[in-house]
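Given as structure tokens, the chain that follows is alone and in the form predicted on its own.
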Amino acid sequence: MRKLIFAVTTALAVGLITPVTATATTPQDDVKAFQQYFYDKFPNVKKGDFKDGVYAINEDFRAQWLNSEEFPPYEESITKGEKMFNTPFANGKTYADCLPNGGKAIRQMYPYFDTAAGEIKTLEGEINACRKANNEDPLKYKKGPITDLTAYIAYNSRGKVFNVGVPNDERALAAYEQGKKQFYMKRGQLNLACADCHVTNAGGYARSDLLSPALGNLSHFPVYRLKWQELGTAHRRFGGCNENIRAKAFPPQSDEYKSLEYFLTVMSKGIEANGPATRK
């Protein structure tokens, strides 16, 4: 971690700046600058490959990862999720009765800002809203059955393109700006921001871990981390990152994490969904 702090400090000292500044810009301007930053930083990476995270920027790691994907450790979770999806609730209804498009190929639609409700809607949140509407107990948000179900939904959404935008609504823009602030704000005892690792130092190392580009960083969730030996949600990963830098972890589905997920998804406009996937 000391090496990472030194790298971040050095990069900032020589004038490397993040692609989205604190000045007033539109979300459309932010997307353009954000994506161009990574295209310039990794000129040999095809734009469509940013969905593969660290495996887009390191050929050796990519080869190992592609080999492991022949027999992915999350395969059983997809099967469990399919069974969950098709098993009726006690009242006879299913998830297909709640989710748009019958729950098919919808991963790339989330999260989005619902102007009618005045809030960000996440896929996990909508799954539990569906369960509540059908008198079923909610699922825990970090891991377990909810990741089996989202793994199945994500698997059937592979190849679909993220195109989440910010509606012309003051509340939507405020939610987007909150997520942007969460991404660039330094925090914790180590005084680091998400952007320090995944923008300025993307492609560098924190100990033996290659730091992934922020562009497309959520396209593969839910993710099977070798460290976890199971699937986890994006909000579980956010919490782990906060704890790594000795900062307070917010609860899953908190406004802080929902807005951060929203911002990163808006920034990944045009990237394909390819979850679930394996990561170190």
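When you see a residue number, it is the position in the sequence shown, counting from 1. Keep in mind it's a predicted model, so treat the numbers as computed, not measured.
What comes next is about the form predicted in complex with a small molecule, which does not appear here.
So which of Lys142, Lys180, Arg107, His198 reaches within 4.5 angstroms of the small molecule in the predicted complex, heavy atom to heavy atom? By the 4.5 Å heavy-atom cutoff, the listed residue in contact is His198.
I need to confirm a contact call. Of Ala175, Leu99, Leu192, Ile146, which residue comes within 4.5 Å of the small molecule in the predicted complex, counting heavy atoms only? Answer to the contact question: Leu192.
Residues Lys93, Ala129 and Ala151 all lining the small molecule in the predicted complex, heavy atom within 4.5 Å: No.
Thinking of the small molecule in the predicted complex, which stretch from 66 to 74, 40 to 48, 232 to 240, 26 to 34 has heavy atoms inside 4.5 Å of it? Comparing against the small molecule in the predicted complex, the contact stretch is 232 to 240.
Non-hydrogen atom contact Leu260 with the small molecule in the predicted complex at 4.5 angstroms: Looking in the predicted complex, residue contacts with the small molecule include Leu260, since a heavy atom lies within 4.5 Å.
Contact test in the predicted complex: Met84 vs the small molecule, heavy atoms, 4.5 Å: Output for Met84 is no: heavy atoms all beyond 4.5 Å of the small molecule.
Quick one: does Asp169 come within 4.5 Å of the small molecule in the predicted complex, counting heavy atoms only? Taking the distances in the predicted complex, the answer for Asp169 is no, it never comes within 4.5 Å of the small molecule.
Is Leu210 close enough to the small molecule in the predicted complex to count, meaning some heavy atom within 4.5 Å? Yes, Leu210 lies within 4.5 Å of the small molecule in the predicted complex.
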